[in-house]
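Given as structure tokens, the chain that follows is alone and in the form predicted on its own.
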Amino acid sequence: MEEWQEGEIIENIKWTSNLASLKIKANIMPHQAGQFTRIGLMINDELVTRSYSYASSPQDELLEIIYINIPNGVLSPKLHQMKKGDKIQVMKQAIGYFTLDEVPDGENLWMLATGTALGVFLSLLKTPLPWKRFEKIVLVHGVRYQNELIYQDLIEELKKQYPNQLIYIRSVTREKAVNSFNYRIPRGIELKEFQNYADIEINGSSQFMLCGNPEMIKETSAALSSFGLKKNRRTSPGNITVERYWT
């Protein structure tokens, strides 16, 4: 049975006309980085909810999610109109298994995200665990347009904090962007462009976490299988861990 907690909007950050982040003050139960929640509003006497990964870490004072405003959607246009002080429903207990506890050990960890899925990796990277477990961490963010490369200040802070561990790769598919690749994520891996940039070979010591567009997950998983990697399951540990709550 889902339990809900009333939260208060602290900030609604508009990155682009339809890409935004909500910062929410709410007293939820303890959770792990990598888990997701459900956010809800009463619309026409019905609680309408959607799932969002936390971009905040469990230690952060405020909860944070990234969302896309779909103009003809039911919930997201309401979220887009929200302002400081507005109330929102937050699921009290976060859920999901896209956590580092589920990822086997390895030398390097690749975090592959499209669009708003970047948030779940920011949540993980703001905790000490990945830096303790892996020698190198490669964060790959694939977007359509350059202005969707969000949280650049935070990523720069992480690069300064972990200069010998974090490698950040940007890839913009629908326009040319400075200091960015121009490939969809599976193509960048197939061509070994990302590996060459990171100076890291993909092999059995590599662990991958994939979150975002279902086609990216499908095609990237297939590309990684050509390097001898297999899906990670609890009953059969492997190298590819995926998040599939977006279908």
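Residue positions are given as counts along the sequence shown, with the first one as 1. Please read these numbers as outputs of a predicted model, since none were measured by experiment.
The next section is about a form of this same protein that is not shown, the form predicted in complex with a small molecule.
Proximity of R174 to the small molecule in the predicted complex falls within the 4.5 Å heavy atom cutoff. In the predicted complex, at least one heavy atom of R184 sits within 4.5 Å of a heavy atom of the small molecule.
The closest non-hydrogen atom of A222 lies beyond 4.5 Å of the small molecule in the predicted complex. Within 4.5 Å of some heavy atom of the small molecule in the predicted complex lies at least one heavy atom of N213. Using a 4.5 Å cut-off to the small molecule in the predicted complex, not one of G106, S205 and N232 places a heavy atom inside that distance. The stretch in contact with the small molecule in the predicted complex, judged by heavy atoms within 4.5 Å, is 65-73, chosen from 49-57, 195-203, 65-73, 30-38. This chain is drawn without the small molecule; in the predicted complex, the residue among M111, V143, I169, L124 with a heavy atom within 4.5 Å of it is V143.
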